[in-house]
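Only one chain is given next, in C-alpha cells, and it is the form predicted alone.
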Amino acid sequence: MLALPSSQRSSPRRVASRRKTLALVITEHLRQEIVTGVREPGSKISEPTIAAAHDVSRAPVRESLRQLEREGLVVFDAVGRSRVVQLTNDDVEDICGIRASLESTAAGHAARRFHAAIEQTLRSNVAEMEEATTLDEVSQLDLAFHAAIMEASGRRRLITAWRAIEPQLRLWLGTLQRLREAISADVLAATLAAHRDLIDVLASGDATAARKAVEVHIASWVCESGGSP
C-alpha cells in the first residue's frame, strides 16, 4: 500500500482529503462497472478485493460503497456485506413515475426561459444521436438530452431531485443495452422525431404544452417495455 509522505502523516486534514479523493475515484470506477453490467445485479462486492486493486485501505472503499448505496446502486445486508442492486419491476415503475413528474414540471419552466443557447444544446444532441450506431450511444445521448432540459429549467430543487434518480436511470438504460445487440432503426427514428418535437414545443414558450409533451413522451415508451425513454 502506498505510504503518505512523512510531512503529511501528521495532518489529519490531509489524510481525510486524500481518502475523500480516493473514494471519489473508486466510486466512479464502481459506478461505471455497475451501470455497464461488468458487475451484475445481485453480485457481491468485496471490500478487500477492491482495496487491493486500488492499493488503498478499506476506508475509502467503504465511503465509496456508502455513496453508491445513496445513489441506489448498492445495497447492504444485515451484516454489512454489499451487493449490486437488483431493480425490480416496481423499482422501474417508481423511477419512471418520479422522472415523468420531475421532467414535465421542469419542461414548463424551461419553456418560459427558453433561449438560443438552450436550443443549440438540444439540437446538437439530436445531431449527435443521428450519427450514433449503438444503443449505448443512443441511451447516453438520450439521457443527456433530458438532463439538458432539467438544467434549462433553472429550478435547483427539481434538478437536485432528478440527479438523485439519475444513477438508477443509468443502470436501467445499461440493462436495456445488454438486452439488445444493436440499436433498432425504428427506435432511433422515433426517438429523434420525439426529441425534435420536444424542442419545437419548448421553443414555443408554451409551458402547459411543454409539460404535456414531456408527459406523453415518457409515458409513450412505457419503461417496462424496453423502449428508449
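All of these numbers come straight from a predicted model, not from anything done at the bench. One-based numbering along the sequence shown. The term rigid core refers to the maximal set of C-alpha atoms that superpose within 1.5 Å between the two forms.
Heads up, the form predicted together with a further copy of the same chain isn't pictured, but that's what we're talking about next.
The partner is absent here, but in the predicted bound form a heavy atom of R62, alone among R39, R170, H54, R62, sits within 4.5 Å of a further copy of the same chain. Put simply, of I118, L158, V84, A132 only one has a heavy atom within 4.5 Å of a further copy of the same chain in the predicted bound form, and it is L158.
Residues T88, I98 and S101 are all found to lie within 4.5 Å of a further copy of the same chain in the predicted bound form, as judged by heavy atom distances. At least one heavy atom of G72 is located within 4.5 Å of a further copy of the same chain in the predicted bound form.
In the predicted bound form, a further copy of the same chain stays beyond 4.5 Å of every heavy atom belonging to E128. In the predicted bound form, no heavy atom of E137 sits within 4.5 Å of a further copy of the same chain.
By the criterion of a heavy atom within 4.5 Å, R163 is excluded from the residues contacting a further copy of the same chain in the predicted bound form. A displacement of less than 2 angstroms separates the C-alpha positions of A116 between the shown form and the other one, with the rigid core held in common.
After superposing the rigid core, the Cα of D77 is displaced by 2 Å or more between the shown form and the other one. Once the rigid core is overlaid between the shown form and the other one, S57 counts among the residues whose Cα shifts by 2 Å or more.
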